[in-house]
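First, one chain by itself: the form predicted on its own, in structure tokens.
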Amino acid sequence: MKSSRLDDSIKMIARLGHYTKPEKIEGAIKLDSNENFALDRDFVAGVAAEVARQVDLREYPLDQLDELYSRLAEYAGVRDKCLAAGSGSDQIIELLLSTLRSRRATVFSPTFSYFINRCELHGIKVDQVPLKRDFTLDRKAFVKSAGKSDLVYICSPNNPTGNQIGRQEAIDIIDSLEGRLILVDEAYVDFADYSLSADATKRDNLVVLRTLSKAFGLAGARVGYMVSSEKFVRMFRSTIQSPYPISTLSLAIASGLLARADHIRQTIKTVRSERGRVFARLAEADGIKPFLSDANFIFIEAGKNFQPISKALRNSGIVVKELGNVASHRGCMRVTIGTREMNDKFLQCVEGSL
């Protein structure tokens, strides 16, 4: 029988990269998904319990969304009319890809695989420009490719490498690509030195994506947001985004934590300090190479020590993101910065396996 268009579509989708649910290991030290365990669980739960008593789940979330925009505007330092929220920043990515009908995208590689996979799902050709061996950007090659695309994606800080390209270099690239939609994914920017949020409000072609899943410890609440010009945000809010993109409870919890942003900032300082300490210890170890990071994780090249380290971590109940070979780097893994106790157990395990 002749295959139908539906059959062909299903076969095409089946060939694409797909999401595999991570295994949940009870009692494990979870350092694989870049969640913020340095933020005290009881603190987050206390805020959630407090705001839950104040909301009426029988009503649609109207005032709660406005409050979130007000809180986000204060935290991000932009006008509330330049903000749009979504059910995680990945939902915002999905909406932009599915509605703006781009034909070709430029990314550097390695980078956040979700974006590449979603482009492929929507039939968007992706040109991946390799980063240099030290994970710095080959600017000339990147701009040359981006000039042929109508969509450009910059992960800043980059996942999985952890580094952030220089601010002025980023601005120069953006300004040279007028007429292309540029998505700057700043999921980890709270742990870095700069954000392009304010710059995005002045450009109609620049969208900065941010989230409360990392620094604010709300991975389970699914609250992300974008920053762009008032014109672009107005179109996104009124036409692209659904009327009630986030649940009342998630909105209230997010606003509750944003109201306690000073506490979050202190936790961020702790994570950054621990990041420096963990990096320094790893840099002293023979046979592995850590890379400097601007995020809440560190990328490590373990080479021939990958298997011994991986085995030792599993035996100790420590879960990290095992990446294997990445470009010309062999035996790579990405480890989240957790509490000092979690980090010490990780370090002792790695050092003991070398």
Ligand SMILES: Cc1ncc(COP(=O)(O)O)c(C=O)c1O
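Everything quoted here is computed from the prediction, not taken from an experiment. All residue numbers refer to positions in the sequence shown, first residue = 1.
Note that the form predicted in complex with the ligand isn't included here; everything after this is about it.
Though the partner is left out of this view, A187 does reach within 4.5 Å of the ligand in the predicted complex, counting heavy atoms only. Using a 4.5 angstroms limit between non-hydrogen atoms, F112 touches the ligand in the predicted complex. Although the partner is absent here, D90 sits close enough that one of its heavy atoms falls within 4.5 Å of the ligand in the predicted complex.
At the 4.5 Å threshold, heavy atoms of I268 stay clear of the ligand in the predicted complex, well away from it. Between 100 to 108, 129 to 137, 155 to 163, 199 to 207, the stretch whose residues reach within 4.5 angstroms of the ligand in the predicted complex through a non-hydrogen atom is 155 to 163.
Shown without its partner, this chain lists S255, T248, S149, T211 as candidates; in the predicted complex, only T211 has a non-hydrogen atom within 4.5 angstroms of the ligand. Between the options R222, R71, R118, K81, the residue in contact with the ligand in the predicted complex by a heavy atom within 4.5 angstroms is R222.
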